[in-house]
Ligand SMILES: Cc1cc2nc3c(=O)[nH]c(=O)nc-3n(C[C@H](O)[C@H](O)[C@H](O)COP(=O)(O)OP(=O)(O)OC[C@H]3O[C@@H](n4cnc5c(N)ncnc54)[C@H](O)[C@@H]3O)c2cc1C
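The data below hold one chain only, encoded as structure tokens and taken in the form predicted alone.
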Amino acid sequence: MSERIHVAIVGGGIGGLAAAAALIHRGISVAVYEQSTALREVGAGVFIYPNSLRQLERMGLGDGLAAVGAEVGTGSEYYRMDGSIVGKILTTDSSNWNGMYGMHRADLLAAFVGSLPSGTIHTGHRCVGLSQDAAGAHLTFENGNVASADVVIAADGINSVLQKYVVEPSAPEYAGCRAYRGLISAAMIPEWRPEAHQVWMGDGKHFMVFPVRRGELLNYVGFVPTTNATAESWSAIGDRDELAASYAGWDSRVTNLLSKVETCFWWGLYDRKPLDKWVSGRLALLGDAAHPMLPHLGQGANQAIEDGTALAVLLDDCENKRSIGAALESYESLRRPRTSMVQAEARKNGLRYDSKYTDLGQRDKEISSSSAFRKSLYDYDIEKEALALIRARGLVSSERA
């Protein structure tokens, strides 16, 4: 990049901060605007898989993540609701690299914050509008402040304020499912396999557990069908008795864990059909603002990290500010097919997990044979793909010249 570009990111969640880290790693000026008065994540777990971890390690975050993450590997298995084994859960890429952590969201957020220069993040900035002209993109905030940048990245979630400047707004689609989630001390269940990600499936619902925070805590999530839409919230208090009753008669490992739960949260599951556009002028959508997905592949945060990496690589290649539009169009063309595929596969995997099959033997066969797809998912290297796109387009340009 021969001419310095300044990027404004709206949204200080995982996707926005990952994009900031990727851009700053490549020497691009960044400001992050977050609507909350303080950066915080509630007590919930998230997976970091090989496809995003290799990118984060290249940004210099590897040691920090290793210090707070919980490596997931040995003993990871799928079960029917009665505890009978269906198959192993893949925890490596095809090279057998185990680049998979269970992370407390607050720990992941703190790792990103710690990697950014002081003054990068501006809290208490709720974005309410955007305009663009030849000089740049201009953001207005509820607090009366304004900010200008060469590029704006909308990382402001499934209910994005900025999405309407790219496409006609559409309501998120409710998946008919409520997820109960929470954390429990691993010391309360000493017999639990310390590195295990375990998933129980059956009866229209499923339940999973995996370690976070160096294995000190277990993150559990119970996915329960509902007839009425539940809010898409990370902080709504759930009913722990209702949660326990939903899994009565399941494997004793599930019921024993739930007997020790004191409090939990719930949130409704939503996604959206793939958007027709992600980019308009200097504005690009990222993460849930572009491609909200159900959590049944654990790829929501990972795909947002891929988005940020792709943007950083492509913007770094800009020879001058006049190249920004082409870089953002390249970002959309590179990312939309992959995230649309992951969105669709997450929906399909939810049907497997919730036993929406007339023949559970077929379901079990698909679960057991899913490692080939998982390997392709984890092997994907967005940095290499973006660099290959740059090379290919450079060759085409030179041939046309």
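All values derive from a computational prediction rather than experimental measurement. Quick note: we count residues from 1 along the sequence shown, nothing fancier.
Missing here is the form predicted together with the ligand; even so, the following discussion is about that form.
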- Checked V209, M100, A301, M201 for heavy atoms within 4.5 Å of the ligand in the predicted bound form; positive is A301
- Could you spot which one of L283, I89, C127, C264 gets a heavy atom to within 4.5 Å of the ligand in the predicted bound form? C127
- Message: With the distance limit set at 4.5 angstroms and only heavy atoms considered, check whether Y33, V46 and D156 all reach the ligand in the predicted bound form.
- Response: yes
- Can you check 274 to 282, 119 to 127, 320 to 328, 252 to 260 and let me know which stretch has heavy atoms within 4.5 Å of the ligand in the predicted bound form? 119 to 127
- the ligand contact in the predicted bound form: G182, any heavy atom under 4.5 Å: no
- Can any non-hydrogen atom of V161 be found within 4.5 angstroms of the ligand in the predicted bound form? yes
- A137 within 4.5 Å of the ligand in the predicted bound form, heavy atoms: no
- Message: Can you tell me if G308 lies within 4.5 angstroms of the ligand in the predicted bound form, counting non-hydrogen atoms only?
- Response: no
- Message: Residue by residue through 318 to 342, which ones have a non-hydrogen atom no more than 4.5 angstroms from the ligand in the predicted bound form?
- Response: none
